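Taking the form predicted on its own, here's one chain by itself in structure tokens.
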Amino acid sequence: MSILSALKKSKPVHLTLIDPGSSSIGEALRIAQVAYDAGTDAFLIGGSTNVINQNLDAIAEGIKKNTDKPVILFPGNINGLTSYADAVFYLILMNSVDPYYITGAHVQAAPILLRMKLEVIPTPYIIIGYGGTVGHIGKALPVPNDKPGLIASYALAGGFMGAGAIYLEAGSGAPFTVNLEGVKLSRMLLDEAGLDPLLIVGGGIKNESSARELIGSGADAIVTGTLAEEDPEKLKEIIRSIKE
């Protein structure tokens, strides 16, 4: 079974994001162990800045050795690729004004991914509201968070493009989550079109109530990052809350 199929089968899903650009190898592996013990379903590895290939290799390899959960790359650029992972979100930054983040990096990465033999998951990536570092680096025009219809239109467009997953991103450290009505309408339009990508929401998820609300609104998966390091008990509560 493919990793994408396995995630769909086990939804609702919790994904732990580890940024190799902001954590040492040891710190990243400690975070991964905490998240694994808390019940996370898979690990995303990636970041927008400061990604060093040797660190990325070591982190992915270490997680693979110490857990039985999938390791999925979440690359900000082509330096975010390693053959030690299981799969890669092939991110298309839909609301970037720079063609590099829509097709340019993908052309460079394609032959590399072919040789690495990773499972490639086409993933339209939509920056909403706050945006954070990834919005700045990716030269995105964030979708206003108070425009649920526009959020859903982006998601539907991504679905029509053949997405395996669709990622709605408020940005790391965002003061709010993606608009619940935007998530709900995205799910409704995708269902109406007969499309079934894994609908992922990340950014601003700090407690179990926001996690439950996003899942209840139609998200298949939520992503948290720093909680595994900052508040392991809170992470356990969030994972428990979406699995109940």
Ligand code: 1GP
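Because the structure is a prediction, the values reported are computed rather than measured. Numbering starts at 1 and follows the sequence shown.
From this point on, the text means the form predicted in complex with the ligand, which you will not see here.
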{"item": "Contacting member of Ile151, Ala105, Ala165, Ala174, with respect to the ligand in the predicted complex [4.5 Å, heavy atom]", "value": "Ala174"}
{"item": "Non-hydrogen atom contact Pro197 with the ligand in the predicted complex at 4.5 angstroms", "value": "no"}
{"item": "is_contact(Leu17, the ligand) in the predicted complex, heavy atom dist at most 4.5 Å", "value": "yes"}
{"item": "Exercise: Ser22 in contact with the ligand in the predicted complex, heavy atom 4.5 Å", "value": "no"}
{"item": "Proximity of Phe89 to the ligand in the predicted complex, heavy atoms at 4.5 Å", "value": "no"}
{"item": "Which of 201-209, 180-188, 33-41, 65-73 lines the interface with the ligand in the predicted complex (heavy atom within 4.5 Å)", "value": "201-209"}
{"item": "Residues within stretch 221-236 having a non-hydrogen atom within 4.5 Å of the ligand in the predicted complex", "value": "Val223, Thr224, Gly225, Thr226"}
